[in-house]
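Take a look at this single chain in structure tokens; it is the form predicted alone.
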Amino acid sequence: MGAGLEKLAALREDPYAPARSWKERTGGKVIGYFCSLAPEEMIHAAGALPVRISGENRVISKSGAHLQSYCCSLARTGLDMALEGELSFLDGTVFVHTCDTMQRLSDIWRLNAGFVFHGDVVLPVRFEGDLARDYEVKELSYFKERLEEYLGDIPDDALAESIKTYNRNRSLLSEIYGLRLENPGVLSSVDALTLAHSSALMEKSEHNTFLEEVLEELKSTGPADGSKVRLFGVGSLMDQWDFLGMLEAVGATMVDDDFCNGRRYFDALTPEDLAPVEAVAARLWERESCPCKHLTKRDRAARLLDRIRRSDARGAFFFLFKFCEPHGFDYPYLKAAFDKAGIPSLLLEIEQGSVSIEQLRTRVEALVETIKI
């Protein structure tokens, strides 16, 4: 592991260290967000630092007074961190309407978390049709106006520069993931996802420098062990680093994924030949979707199966938060499609703060052994 990757790996234990350091160093504003559909480039262009809130492996203390136990642990632990003052470095938060829990969390957060800025981005549920596209552009334009009221003007040229910076980041991550498809042993599942996940925790230009260093190291690495069973990961957010380490220990590797802090986070580039707001809207419209958005003309199962085939994955695992309704409703349909295509799969449901790696190990080992037979 090179020096750059070591620094990023440290963020698994203290994910918000770069944000706190950046704020102390620059005096700038830090804006948190929960969903990868948040228009980060706009926040960045305003001179603020967008940072993803991904919850934490913890037993909750204060959020139970506001959210029922059948809400997903991402919402409950994230709110707990805010109420405990552990997110005090934030100056505001942005919520994208993705599910009922997050919509309600937005109101609870606004009334109880105590941050100065609060923004809601209510994107269309169905990303199809001219009316939905027009609405999306208008909603993003309105969000930009709200940001400008708090952070100051966001000139088109500043937004265009942020788009270029973010596109560079996405291109580098895509190239690194591409190298792993050819030679999975060159980088472990844990380190690969760390590279993508850390992108949402620090200033993009700084992260680009880290990625460039890592990419050079990987290009100079010869063929690595390719004997591990290739698996494809599906879910919302993957933050269980011990699980990914265990995956490697039992003779498997996550060669590609559909996590929103993994491949889905950097999927697709923002067009640089459109008006900036329209460009941001265009990427959100075209990038790989999650179950929170309805796309009748872009079959999600077919797209995932195509990626599984291109990655030469031998099987798949669904890693879902308990009580996540969008992914829960999505699972039977995907499972049926995978079964029909002859792709063995495994469903794992977890809650942050109560994950038993040993119990998961037994089930993963069974999947790997089945695939090897």
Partner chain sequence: MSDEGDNLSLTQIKATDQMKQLMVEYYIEAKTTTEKPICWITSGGPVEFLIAMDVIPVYPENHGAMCGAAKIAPGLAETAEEMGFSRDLCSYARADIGGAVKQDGAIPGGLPKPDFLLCCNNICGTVTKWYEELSRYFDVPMFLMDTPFIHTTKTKHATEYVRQQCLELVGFLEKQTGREFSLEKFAEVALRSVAAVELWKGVLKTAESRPSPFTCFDAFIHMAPIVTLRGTQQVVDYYELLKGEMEQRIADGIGAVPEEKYRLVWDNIPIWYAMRSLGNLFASNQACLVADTYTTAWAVDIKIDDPLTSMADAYTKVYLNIAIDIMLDQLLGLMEKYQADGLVMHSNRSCKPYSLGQYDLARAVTERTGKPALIIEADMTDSRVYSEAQVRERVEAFIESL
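Numbering follows the first chain given and starts at 1. Just so it is clear, the model here is predicted, and its values are computed rather than measured.
Omitted here: the form predicted together with the partner chain. The next part is about that form.
Asker: Is there a non-hydrogen atom of Asn112 within 4.5 angstroms of a non-hydrogen atom of the partner chain in the model of the complex?
Answerer: Judged by the heavy-atom cut-off of 4.5 Å, Asn112 is in contact with the partner chain in the model of the complex.
Asker: Within 4.5 Å, heavy atoms only: does Leu67 come near the partner chain in the model of the complex?
Answerer: Yes.
Asker: Give a yes or no for Val250: in the model of the complex, does one of its heavy atoms lie within 4.5 Å of a heavy atom belonging to the partner chain?
Answerer: Flag for Val250 set to no.
Asker: Heavy atom to heavy atom, is Cys71 within 4.5 Å of the partner chain in the model of the complex?
Answerer: Looking in the model of the complex, residue contacts with the partner chain include Cys71, since a heavy atom lies within 4.5 Å.
Asker: Please determine whether each residue of Gly47, Arg170 and Asn208 possesses a non-hydrogen atom within 4.5 angstroms of the partner chain in the model of the complex.
Answerer: Negative, none of the three is within 4.5 Å.
Asker: Of Tyr142, Trp241, Tyr150, Phe89, which residue is found within 4.5 angstroms of the partner chain in the model of the complex when only non-hydrogen atoms are counted?
Answerer: Selected option: Tyr142.
Asker: Which of these residues, Glu182, Asp157, Asp107, Glu212, gets a heavy atom within 4.5 Å of the partner chain in the model of the complex?
Answerer: Selected option: Asp107.
Asker: In the model of the complex, which of the stretches 269-277, 188-196, 134-142, 230-238 has residues with heavy atoms within 4.5 Å of the partner chain?
Answerer: It is the stretch 134-142.
Asker: Since the partner is left out here, which residues of 304-337 would have a heavy atom within 4.5 Å of the partner chain in the model of the complex?
Answerer: Heavy-atom contacts to the partner chain in the model of the complex: Lys322, Phe323, Cys324, Glu325, Pro326, Gly328, Phe329, Asp330, Tyr331, Pro332, Tyr333.
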